[in-house]
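First, one chain by itself in C-alpha cells, the form predicted alone.
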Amino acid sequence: MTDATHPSVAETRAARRVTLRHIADSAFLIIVIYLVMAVVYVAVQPSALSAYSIESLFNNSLPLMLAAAGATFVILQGGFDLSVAGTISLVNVVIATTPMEGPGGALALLALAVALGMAVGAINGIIVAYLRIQAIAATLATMIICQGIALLILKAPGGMVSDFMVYELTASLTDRVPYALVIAALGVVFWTIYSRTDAGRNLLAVGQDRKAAALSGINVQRTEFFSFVWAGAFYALAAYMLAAQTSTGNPSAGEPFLLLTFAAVALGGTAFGGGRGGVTASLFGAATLMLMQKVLFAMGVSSFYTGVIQGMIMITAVLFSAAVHHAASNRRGA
C-alpha cells in the first residue's frame, strides 16, 4: 500500500475543518434536531402522517418561520429588530380590514402587505443605519407605533379575510404537500441564492467585522439599511399567512412572535453578534419550535412545562453549535 492511496495529514485536517465549519455554520444541526423530533412525533401520535396533520403542522409553523427569516437578516449584520411584533400586528389588521376577493384580490393584498412591511423596515433602516440611533431603542419605538396604529384601525379582533386566502392558501398542492411547505422551500431557495450574491456576502462580512468590511469597500450603511427592509418584507409575509390561517384580524396578533422569533433564530444557531448563521437554519429553528409543541402535547406534557423544555433544548443546541464553531475556529487558526 503506497502513500498515494492514503490522504495526507494536511488533507485530513482540512477535511475535518470543512466538516466542523459545515456543522457550525449551516443548518445541519437544527435539521438533525427537527428530524429527531419528527420521528418522536410519529411515534407518539398515530395520525401524525395523515394529510390533515401534515397540512396543519406546516400551516401553523409558517408564520413563525417567515418572521424568524426576517429577523435573521438584521441579526446577521449585528443588529436587532424588535419591530417584528408591531409590523405583524399592523399588516394583519390592514389585510383584515381591506377585503378583496379572488386570486386577484389576494395578490393585491400581498403586494400591499409587502409594501407596508418594507416601508416599516425602511424607516427602521434610516433611523438605525443613517441616523445612528441604537437599534433596540429605534425598533422598540417602531413596534409601539405600529401596534398603536393597528389598534386605531381595529380596536378588537375582527375584520374579514377573503375566502380565497382562507381556503386556498392554507390548502395543499397535493395530498401531502401543503402550500406552506412549498413557501418555506422557496424561502430556502431564496436564501441559498441571496447568500451567494455580493449583498449576501456583504451582510455576513458586516456582521463579522464592521470596520474591516468598511475598509474593504463595503457600504456598511446601505447593507444595514437593506437588512431592515428585507426583515420588514418577511414580517409582512408572516402577517399575510397568519391572516389567511385565522381568517380574521387582531391588533395584538404580533405579540406572541416577539420572543418566539428570536428563540427560533437562536435555536437555528445564528450568532446574535452577527456574521454567522443563515435564514435556512432559522426556518428550521421555527419549524422545530412548533413541532416541539405538538410533540409535548401528544405526550400529554402539561403546558406549564412546555416553555421549560423548549428552553432547555434551545440552550443545548446553541451551546453545542457554539462549541463546534469554537473548535472549528481553533483548527483554522492551527
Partner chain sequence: MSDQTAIPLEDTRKAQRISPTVVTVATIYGIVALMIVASRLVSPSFGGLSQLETILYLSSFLVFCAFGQGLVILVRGLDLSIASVITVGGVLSAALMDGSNAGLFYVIPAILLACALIGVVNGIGVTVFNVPPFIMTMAVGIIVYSLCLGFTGGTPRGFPAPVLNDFMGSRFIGIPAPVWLLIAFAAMGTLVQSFSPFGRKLTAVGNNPEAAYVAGLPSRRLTVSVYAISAACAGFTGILLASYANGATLRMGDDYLLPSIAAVVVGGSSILGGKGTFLGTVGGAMLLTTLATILSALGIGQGWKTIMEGAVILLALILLRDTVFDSLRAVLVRKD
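Residue numbers count along the first chain shown, from 1. Just so it is clear, the model here is predicted, and its values are computed rather than measured.
The protein also exists as the form predicted together with its partner chain; that form is not presented, and the subsequent description refers to it.
In terms of contact with its partner chain in the model of the complex, the residue from Leu110, Met100, Ile127, Ala184 that brings a heavy atom within 4.5 Å is Ile127. Only one of Ala137, Val188, Ala119, Val177 lies close to its partner chain in the model of the complex, with a heavy atom inside 4.5 Å, and it is Ala137. Contact annotation: Gly148 falls within 4.5 Å of its partner chain in the model of the complex, judged by heavy atom distances.
When contacts are judged by a 4.5 Å heavy atom cut-off, Leu259 counts as touching its partner chain in the model of the complex. Taking non-hydrogen atoms only, Leu173 never approaches its partner chain to within 4.5 angstroms in the model of the complex.
A residue is said to contact a partner when one of its heavy atoms sits within 4.5 Å of a partner heavy atom; Ala115 fails this definition for its partner chain in the model of the complex, lying far away.
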